[in-house]
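A single chain comes next, written as structure tokens; it is the form predicted alone.
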């Protein structure tokens, strides 16, 4: 493989790491509550903009400190979504939840426009030379993106496989009513799901904004890729979403070799279309909820 294609694969792994974080949060909510949360994209955007707010005057915190309150507030937003919007509708028609999530997405996006405007914004980080490994270049921010995904997903794996709380999440994803009858605290499960989903979204949003820039639509663009990743891995399956995110990242970056980079996002839409037609349960054939 030439250095050019290897560079594209590395770029794809970097992008796929962030997409996987978005997709895992999205599919965790689906796996337990059985609805697609369209406002998940706005948690991504709010995480990035809150990071910008705390790293700018009057706070002027270093970005690694600004991320702490940004993540905390985004988690509160995620919990508020559930408490004020989704919780009262949970026993109603699933379509009501879907429509509510779309409406909430518009509300949160326009709130960002009202506060920060519609223009592109950046963290104004100093330019850093990419590190070279055998002719393959990667920047420190991109290393952070991959490292964060590895750390977060490792913690998630340990949570699911080594703790009672993780087993409770898996049981709730299989059958929430039965898990409730068996004495599993649904309140605890609900809070854990929204905290994890919000943390994954906000962390990915901050890292993505550090690598590129941010605008009020960044969450929507990321949500499309997360949808594609969830469909590839099988809706509701965390590890399938991880594989799907990596697949989307590598596929869209390799596509740059044959199509204009401006059409890179087309790959996600094309994969969604093909998968819905050919294999709506996901190409990895993994069924079931959070695993």
Partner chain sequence: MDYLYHILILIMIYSIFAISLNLELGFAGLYNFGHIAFFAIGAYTSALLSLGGMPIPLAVVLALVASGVAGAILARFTLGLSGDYFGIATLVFAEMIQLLLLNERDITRGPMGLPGIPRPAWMGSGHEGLIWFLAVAVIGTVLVFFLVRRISNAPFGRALKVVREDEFVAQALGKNTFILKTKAMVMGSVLAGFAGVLWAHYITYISPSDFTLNETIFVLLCVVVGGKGTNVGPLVGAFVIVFFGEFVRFLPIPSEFSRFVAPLQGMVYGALLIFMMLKRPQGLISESRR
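No experiment lies behind these values; they were computed from the predicted model shown. Residue numbers count along the first chain shown, from 1.
Beyond what is shown, the protein has a form predicted together with the partner chain; the following relates to that form.
Remark: of stretches 150-158, 100-108, 205-213, 171-179, the one touching the partner chain in the predicted bound form is 100-108 (heavy atom within 4.5 Å).
The partner chain in the predicted bound form is not approached by residue 133, whose heavy atoms all lie more than 4.5 angstroms from it.
Contact check for residue 127: no non-hydrogen atom falls within 4.5 Å of the partner chain in the predicted bound form.
At a distance threshold of 4.5 angstroms between non-hydrogen atoms, residue 164 is out of contact with the partner chain in the predicted bound form. At the 4.5 Å threshold, heavy atoms of residue 84 reach the partner chain in the predicted bound form. Taking the partner from elsewhere, no residue among 29, 61 and 188 has a non-hydrogen atom within 4.5 angstroms of the partner chain in the predicted bound form. Along 220-234, residues 220, 224, 227, 231 each place a heavy atom within 4.5 Å of the partner chain in the predicted bound form.
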